[in-house]
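Take a look at this one chain, the form predicted alone, written out in structure tokens.
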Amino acid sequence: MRIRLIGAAALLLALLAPCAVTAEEVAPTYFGKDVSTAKIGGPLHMTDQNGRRRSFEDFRGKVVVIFFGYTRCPDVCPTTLSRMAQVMRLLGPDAERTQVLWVTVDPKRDTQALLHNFIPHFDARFLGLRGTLAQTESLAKSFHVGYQILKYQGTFLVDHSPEGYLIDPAGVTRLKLPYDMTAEQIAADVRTILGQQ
């Protein structure tokens, strides 16, 4: 009887063996939307809040999280930047391998001096970027970010896409980050991408 049981178990294992999946074959799961095959993003040639010229090559080896907005934004932008400051705290040592970029879509009014006062308020490691109108339009378009500058009751408002993107250390845009993602979810996705390096 025991020999029959052993034989049956061996047969079952032989049948199941082709279905076995190794850890390398399991696709990672993300909280953000996987856009790695969509070829999102273009070249970056802008100046940060300290007057230094920046490109994506400056951040090779790090996960880059990029958002678009403007300094006078009443809700989405400060909420996003505050959330990303929380993400950096949650990441602990992994924050050193993460760079948050925030690109103004209103470079005419968002001067370097204004960015210098605005961005470090959330986290000193964040970089606020501004370019010419043409550079801004080109970069936003490459990330499928829409924006429109409106004048309302004497004040300029900018209607803009609220989502961000996560770029891996090799420079490939991997995830779209919806506005309603939590800090914990974003931190988890950053760790997952860093873990693949």
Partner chain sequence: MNKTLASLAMASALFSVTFSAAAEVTVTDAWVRGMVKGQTETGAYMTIKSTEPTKLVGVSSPVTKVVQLHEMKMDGDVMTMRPLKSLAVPADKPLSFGPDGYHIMLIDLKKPLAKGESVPLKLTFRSQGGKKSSVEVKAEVRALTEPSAPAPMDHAHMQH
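Numbering follows the first chain given and starts at 1. As the structure is a computational prediction, the values presented were derived from the model and not from experiment.
Form predicted in complex with the partner chain: not shown, discussed below.
Checked against the partner chain in the predicted bound form, the residues Ala27, Ala170, Leu133, Leu150 give one hit for a heavy atom within 4.5 Å, which is Leu150.
Comment: the partner chain is not present in this chain, but in the predicted bound form one of Lys108, Arg97, Arg125, Arg72 has a heavy atom within 4.5 Å of it, namely Arg72. Not one of Ala38, Arg54 and Ser138 places a heavy atom within 4.5 Å of the partner chain in the predicted bound form. At a distance threshold of 4.5 angstroms between non-hydrogen atoms, Ser142 is out of contact with the partner chain in the predicted bound form.
In the predicted bound form, the partner chain lies within 4.5 Å of some heavy atom of Thr79.
The shortest heavy atom separation between Asp48 and the partner chain in the predicted bound form exceeds 4.5 Å. In the predicted bound form, at least one heavy atom of Pro162 sits within 4.5 Å of a heavy atom of the partner chain. The partner is not shown here, but in the predicted bound form the stretch 108-126 reaches within 4.5 angstroms of the partner chain through a heavy atom at Leu114, Asn117, Phe118, His121, Phe122.
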